[in-house]
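The chain below stands alone and is given as C-alpha cells, in the form predicted on its own.
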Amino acid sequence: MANKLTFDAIVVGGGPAGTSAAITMARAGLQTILIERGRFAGAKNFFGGVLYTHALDAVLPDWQSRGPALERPVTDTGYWLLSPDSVLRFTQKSERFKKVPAESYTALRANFDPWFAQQAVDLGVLVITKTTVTGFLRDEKGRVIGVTTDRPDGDVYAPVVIIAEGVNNLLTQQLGLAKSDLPPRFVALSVKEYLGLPEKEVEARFGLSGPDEGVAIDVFGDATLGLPGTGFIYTDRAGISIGCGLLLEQLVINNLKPYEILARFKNHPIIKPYLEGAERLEYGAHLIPETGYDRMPTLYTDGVMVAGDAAGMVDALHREGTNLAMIAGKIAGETAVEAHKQRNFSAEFLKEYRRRLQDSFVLKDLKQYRRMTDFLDSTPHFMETYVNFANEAAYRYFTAHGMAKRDMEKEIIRLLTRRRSFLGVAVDMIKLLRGMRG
C-alpha cells in the first residue's frame, strides 16, 4: 500500500463517539484519520442538551485546561409533569451540584463538537470535513481494509474502521450489521428552538444566582399532547434550548406536525412566561434512535466496529446519549489499539469491543431499560392519564376546600378511577416495572 493513502485507523463521523475513538487511538500513537461529511464537526447536530463530565474525564483527562465549549453547569435538574393548566415539579437543586467541575453541563453541539474535534487535531488526528464515506474497500477474502469517499481518488486504507455515522446508519446497513432503516416505532423526532435572552434575564427567570448555575428539565404530559414523548428546557449561557420529541409512529398515527407541537408547548400558560421577549436564533430537528438493547445492530465485523447513535446507544429515559457514545467510542478506540498490538483485526478479535461494552454501564443500562419503548407503545395513554391525575390530586391536596381530609382523599381516588380502573392501574404499574427492570 506504499502509494495509497494509508492510516492505522479510520473513523467515520465527527460526533462524540467518533471523536472519542479518534482521540483514544491518537493518544496511543495510531495514525488516525477522521472523516466528517459536514462542513465542520457538529454542523449537522442540532442539540441543546446535557454533557456529562465523567465521559470527558475518561476520554480527555485534561479537558478543563483546554477551554471546553460548554454553556452552564447543571445545578437544577428534574422532571415537570405538565397538565393543560398546571405543572407538578420534581426537581432538585443541591449544593453538591456546584462542585467544580460539575457532573454535567448544558451544551450546544454546534459549539462543542468543533472544540472536541480540535482536541483530536491537537493530538495528531487528521480531520477531513465535507467528505462523505460511500462504501468500503475489501481484500480478497472480503474483509474491510478501508473506505471509499465522494472525493476524486478518495479511497483511504486502514486495517480498522470505526463507524460513528449517526442515526442514519447507511454504512452499517451496507455491511449487513443493521438489517434496515429504523422503523417509525423505534426512532423519535426531536424538534427544537434556541432562543436568545440576555444572560441576566435567563438567570432571573429560572432563579439562578449567576453563570455558574443552570437548569435541565424534562417535561412530560401536555408538552406532547399527552402522547409518549418528552418536552425539554435547558438554560444556556445567554439563551434557552426548548423542544419536544415524539416517536415517528405517533406523529403518523395522530397526523401531527412537529412544529405545531413545539409552538403549542411554547404557548402553554406555564411555559410562556419563561420565553417572553426571547429571540429565535435557531430552529431545527433531529432523529434519535430508540431501538433498545434487543434491536441494536451487530457491533463488529472483520475490520469494523460501530458506536454511538449508529449502534442505537441512547437511554432516553435518563436523557443520556452523548456519554454512552463517548464511552463506547473510547472502548472502540482501545480495542483498535489492542488489535494493532496483536496484528489481528478479525471479527473474532474485535468481539472484545462488545464484551467490554457489556462490562461497562453502556450496555448494562441499555439492557435494563430495553423494554421502555415497548411499554410506552403498549400504553399510549400513560402520560396523559397519570400526569393529569397527578396535577389534579396535588391541587386538591394542597388546597383547603372546607372538606374533611378523609373525604378529600376519597375524591382523589375517584379522580384516578374515573380515568383508569383499579385493574388498569395495576396492569400499567406492572408493565412499567417490567420496562424499568429489563
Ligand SMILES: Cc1cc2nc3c(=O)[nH]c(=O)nc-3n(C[C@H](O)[C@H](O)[C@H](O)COP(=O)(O)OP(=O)(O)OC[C@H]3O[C@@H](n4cnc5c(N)ncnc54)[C@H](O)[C@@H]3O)c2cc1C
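Predicted model only: the values in this text are computed from it and were never measured. Sequential numbering from 1, following the sequence displayed.
This protein has a second form, the form predicted in complex with this ligand, left out of what is shown; the following refers to that one.
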(message) I need the one stretch from 348-356, 74-82, 94-102, 306-314 whose residues put non-hydrogen atoms within 4.5 angstroms of this ligand in the model of the complex.
(response) 306-314
(message) Under a 4.5 Å heavy atom criterion, is T385 part of the interface with this ligand in the model of the complex?
(response) no
(request) May I ask you to state whether R371 is within 4.5 Å of this ligand in the model of the complex, using heavy atom distances? (result) no
(request) Indicate whether E320 is a 4.5 Å heavy atom neighbour of this ligand in the model of the complex. (result) yes
(request) Evaluate L171 for contact with this ligand in the model of the complex, applying a 4.5 angstroms cut-off between non-hydrogen atoms, and reply yes or no. (result) yes
(request) Could you check which residue among Q250, T291, S190, S241 gets a heavy atom within 4.5 Å of this ligand in the model of the complex? (result) S190
(request) Only one of S86, T132, S360, N111 comes within 4.5 Å of this ligand in the model of the complex by heavy atoms, so just point that one out. (result) T132
(request) For the heavy atom contacts within 4.5 Å of this ligand in the model of the complex, list the residues of 232-257 involved, in sequence order. (result) F232, Y234
